[in-house]
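The data below hold one chain only, encoded as structure tokens and taken in the form predicted alone.
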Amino acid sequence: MSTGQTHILNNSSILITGGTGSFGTAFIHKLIKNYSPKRIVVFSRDELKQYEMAEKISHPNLRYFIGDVRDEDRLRRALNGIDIVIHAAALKQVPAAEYNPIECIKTNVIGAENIINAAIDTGVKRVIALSTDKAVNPMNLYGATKLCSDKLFVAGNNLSPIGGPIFSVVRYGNVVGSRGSVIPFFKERRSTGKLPITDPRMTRFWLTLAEGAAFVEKCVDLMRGGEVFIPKIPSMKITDLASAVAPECEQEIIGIRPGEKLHEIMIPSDEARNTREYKDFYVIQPAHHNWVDQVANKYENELGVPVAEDFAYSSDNNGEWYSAEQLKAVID
């Protein structure tokens, strides 16, 4: 991965929606450390989080813009002069989404459409949207809204004029240390002597915030529009995670919650025909694209190879796993 002057993030004006969240904070640290951005704009609706971030991160080119992705007019104003949008804003809590479905739809689906329209209207060059493994074969409303969002961003390339913005998606799994992660919950319950486990067979994809930010950093430079980028990351067993956090605790099986899966999938078998494998990641290519044929499959001078027809990238069939010891090293 290059952090030299040729990287697209250098000398660009970059806006991060949901920029005060876990990902946004990690990504902004990376921007400041590795690049020379013309301007960094944090777009979010929480004034307190913006104030707290401003107290911790100081940079002459960092700006804060209060707004909501539900408000297209405000987005259009914020995107004036912006080259690159990193879309991280979302309502992500599964139970809250089930209880307040229309609120989740307004942010995750209507908000995605607003970003696409505002980016086209204001001359943004690139938009990359963060997705989740829960968008694949969704069983809950949150996952369904993120699937809709993914489809909107891929199709946004069909709306964009020649020379207009290109849109792509980055999809990855659970993030160590992110807000809402199970790790803080387990740590909180350690004092009870018991950790609730929904099902001992459960597996999840797992990566750190730094790894997630680095992958987005890479993909925003590689993207040509319409791709869904998926990193190759380890899986972990929920029981191993519980053992890593609190080896002294009893693990109490409580049963799977509504809308929860035993295993997560990042590439379904139905998408195998459009998927190519690279050294460190997979790409689901759009069914319709106008890329030049000879470069359509090349990223970082690597052509990639088509996956098998029945291929699926699932947390239970992954070739790379975290042990309890490795998880402990990551979370400590």
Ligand SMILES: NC(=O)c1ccc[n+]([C@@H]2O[C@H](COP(=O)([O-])OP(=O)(O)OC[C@H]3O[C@@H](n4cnc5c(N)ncnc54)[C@H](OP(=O)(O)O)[C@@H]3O)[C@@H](O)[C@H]2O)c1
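In this text, all values refer to a predicted model and were calculated from it rather than measured experimentally. A residue's number is simply how far along the shown sequence it sits, counting from 1.
The protein also exists as the form predicted together with the ligand; that form is not presented, and the subsequent description refers to it.
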property: Stretch in contact, per heavy atom within 4.5 angstroms of the ligand in the predicted complex, of 186 to 194, 251 to 259, 85 to 93, 232 to 240; result: 85 to 93
property: One residue of 226, 212, 143, 173 in contact with the ligand, assessed in the predicted complex (non-hydrogen atom, 4.5 angstroms); result: 173
property: In the predicted complex, residue 280 touching the ligand (heavy atom, 4.5 Å); result: no
property: Contact of residue 178 with the ligand in the predicted complex (heavy atom, 4.5 Å); result: yes
property: In the predicted complex, residue 267 touching the ligand (heavy atom, 4.5 Å); result: no
property: Partner contact for residue 318 in the predicted complex: the ligand, 4.5 angstroms, heavy atom; result: no
property: Members of 44 to 65 lying within 4.5 angstroms of the ligand, judged by heavy atom, in the predicted complex; result: 44, 45, 46, 49
